[in-house]
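First, one chain by itself: the form predicted on its own, in structure tokens.
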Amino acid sequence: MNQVIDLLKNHRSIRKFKPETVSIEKVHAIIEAAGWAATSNFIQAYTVIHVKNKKTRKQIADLAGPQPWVETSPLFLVFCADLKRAQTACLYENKEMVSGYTEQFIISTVDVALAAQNAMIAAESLGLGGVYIGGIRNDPETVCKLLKIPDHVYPTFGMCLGYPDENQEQKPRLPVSMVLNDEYYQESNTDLEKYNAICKAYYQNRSNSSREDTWTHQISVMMTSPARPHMKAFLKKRGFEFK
């Protein structure tokens, strides 16, 4: 349809990279593009940490999975939901920020996600590829210690970027018919069986027929097990309570 839509529809997770470094000019361009994402009430509630230290990256790679591409990718960024800067703005105006409200948590989390997606799209437009690393939330306390992250900030996810050294097949997405509703919420499963068949074929092809899986099976396994139950206590400790 157009180049932007083509770029968006060409996204795939890249975990294997060429050794070529990403210039600091491109890094700055990517982060500047991230900054032009929509932001709630102009808060811009995010900070990005460029992690260069190999020892630190190895520790994060291990606690995240392990996910060795965190250590080996030319560029590794940690995207943080950040209300500390808003607190600083309040102090600058001799005011005290109220904190701990669920809406503040939502605002900061949405802000950082929007900025990160802008960053990924900008990187891909420059010929880079990458993958998000939600695994840093396996042990967010250690990540905070390693990166000296203060209260009112939490590491939301990481991002590996670099020049792709693989051509991954795209994982099929839900069809528009299952996502787009007219006028009101409507749960439609008419295309679910067809989508399961597409996903099954994808996994069979990717694994040389050694993996049989469907979307519903994969999601049912994930959603019937506790998901990082430590996060609530961690967020409360960080100042992200749920009032």
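What you are looking at is a predicted structure, and each value in this text was computed from that prediction instead of being measured. Note that residue numbering follows the sequence shown and begins at 1.
What follows is about the form predicted together with a further copy of the same chain, which we do not show.
The closest non-hydrogen atom of His11 lies within 4.5 Å of a further copy of the same chain in the predicted complex.
In the predicted complex, a further copy of the same chain stays beyond 4.5 Å of every heavy atom belonging to Ala201. Not displayed here, a further copy of the same chain is kept clear of Leu128 by more than 4.5 Å at the level of heavy atoms in the predicted complex. Contact check for Ala64: every heavy atom lies farther than 4.5 Å from a further copy of the same chain in the predicted complex. In the predicted complex, Asn181, Asp182, Glu183, Tyr184, Tyr185, Glu187, Asn189, Leu192, Glu193, Tyr195, Asn196, Cys199, Tyr203 are the residues of 181-207 with at least one heavy atom within 4.5 Å of a further copy of the same chain, listed from first to last.
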